[in-house]
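Before any questions on how it binds or moves, here is one chain, the form predicted alone, in structure tokens.
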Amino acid sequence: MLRPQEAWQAVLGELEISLGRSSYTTWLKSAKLLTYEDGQFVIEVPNGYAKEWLEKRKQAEVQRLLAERLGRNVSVSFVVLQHRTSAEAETKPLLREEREDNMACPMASTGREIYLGTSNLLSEYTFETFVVGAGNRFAYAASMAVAEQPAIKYNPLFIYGGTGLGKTHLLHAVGHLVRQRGLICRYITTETFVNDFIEALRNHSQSDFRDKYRRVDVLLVDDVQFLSGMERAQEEFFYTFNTLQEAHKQIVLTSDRTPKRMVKLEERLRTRFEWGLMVEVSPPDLETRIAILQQKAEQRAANVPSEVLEFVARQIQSNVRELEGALNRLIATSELLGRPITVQLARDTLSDLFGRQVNISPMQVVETVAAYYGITVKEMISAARNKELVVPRQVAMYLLRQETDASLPEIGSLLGGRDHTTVLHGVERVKERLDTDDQLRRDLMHLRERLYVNASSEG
């Protein structure tokens, strides 16, 4: 029979394999067996985020794996590591809860004073829970790179895109990872920055305000477009930005538009926002929307049939928040009424979210794509294979597959009698290019907007 410490090490090894290197390093690598007594394991973790994540996601699994190795029922609890001096490190650690106030707190391992600020990162917004698709893959990779090596690769990192596409999720994910590594991180909305600045002016506490925003390793600022037109706040943000840049501290910004489109933003700020890397988050394609819904359903431990997930994903085209809200309402309705989750229940429950049903015909797709690229439908369906026609034709194949119920043979027939394997190749070719081709992602976003605007007006 294994000893408790041996059982714990064996379980860690198994979890490293099942979780993967990245997740294991983030959540479990620093975990240690603190005490064991009469079937009760107390596991020490470095911070409150790891504690919350393990309790929500892995506690039952850890208990099961330990019980299998010890041949008896066990219980597992997680506690947060207490920072302590080197002399105390050899003794039994004290347990503490992570601070949630705004006071300065000494970090005993380094002796420096740090300004922790409120812990306002959302626990569910991590890299692990972010669904990666063609429209956000570059932004995800850039955010991960920044979190792993702050102020080394991309500084500032500027993430832009429409509402509800995951920009805030990426900011919080960066915040969680850098805090896991002991760095000082502050997440704020631009509104909070402006309000704090106004309050500092009113109370003559500008020094405290500057300490709050400049004594950090990583500053995460959401919706920076709201700085436009606020001259005093822009000036203060300019000096904050410069201070952090000169100190080699990481800055990550999000916006619903590029800096060049912020018409009331000072030129000196606009150019600084463009210094590092700008990445776009585009609306998710059908497969990504379905994957998002699948993940949310699993988190809710809800059994949602695949045809229902696809139905909801087809109705809600561009907003991840609306997708999640629709699924939550559907699951709640099913539970309250005691009815199974079906397409009909989704149609009845979510009709106000969907609004008037928008049906896009295959020919509408062909005509819209042809007009967008400046070619005729006759050219689109011709046998010609010059580049000016191949790309629009493949885009049409992709959109026909994504936005209509047409089968591969039906799409091939519509586009000049092409074989279904040709259509499949065209669809896959577009999917491959979406990972690296920013212009193609923008083209598809504009085409979808045209399709649904035109279909709605005609309905």
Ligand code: ADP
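None of these values were measured; they are calculated from a predicted model. When you see a residue number, it is the position in the sequence shown, counting from 1.
Separately, the form predicted in complex with the named molecule exists; it is not shown, and the next lines address it.
Proximity of Lys32, Val45 and Gln180 to the named molecule in the model of the complex is absent: no residue of the three has a non-hydrogen atom within 4.5 angstroms. Just one listed stretch, out of 150-158, 290-298, 362-370, 210-218, contacts the named molecule in the model of the complex at the 4.5 Å heavy atom level, and that stretch is 290-298. Among heavy atoms of Glu235, none comes within 4.5 Å of the named molecule in the model of the complex. Though the partner is left out of this view, Thr163 does reach within 4.5 Å of the named molecule in the model of the complex, counting heavy atoms only.
With a 4.5 Å cutoff on heavy atoms, Gln317 does not count as touching the named molecule in the model of the complex; it lies far away. Residue contact with the named molecule in the model of the complex: Asn136 places a heavy atom within 4.5 Å of it. Interface residue among Leu350, Val131, Val74, Ala173, judged by heavy atoms within 4.5 Å of the named molecule in the model of the complex: Val131. Only one of the listed residues (Arg270, Arg321, Lys249, Arg257) places a non-hydrogen atom within 4.5 angstroms of the named molecule in the model of the complex, and that residue is Arg321. Interface residues of 381-407, taken as those with a heavy atom within 4.5 Å of the named molecule in the model of the complex (partner not displayed), are absent.
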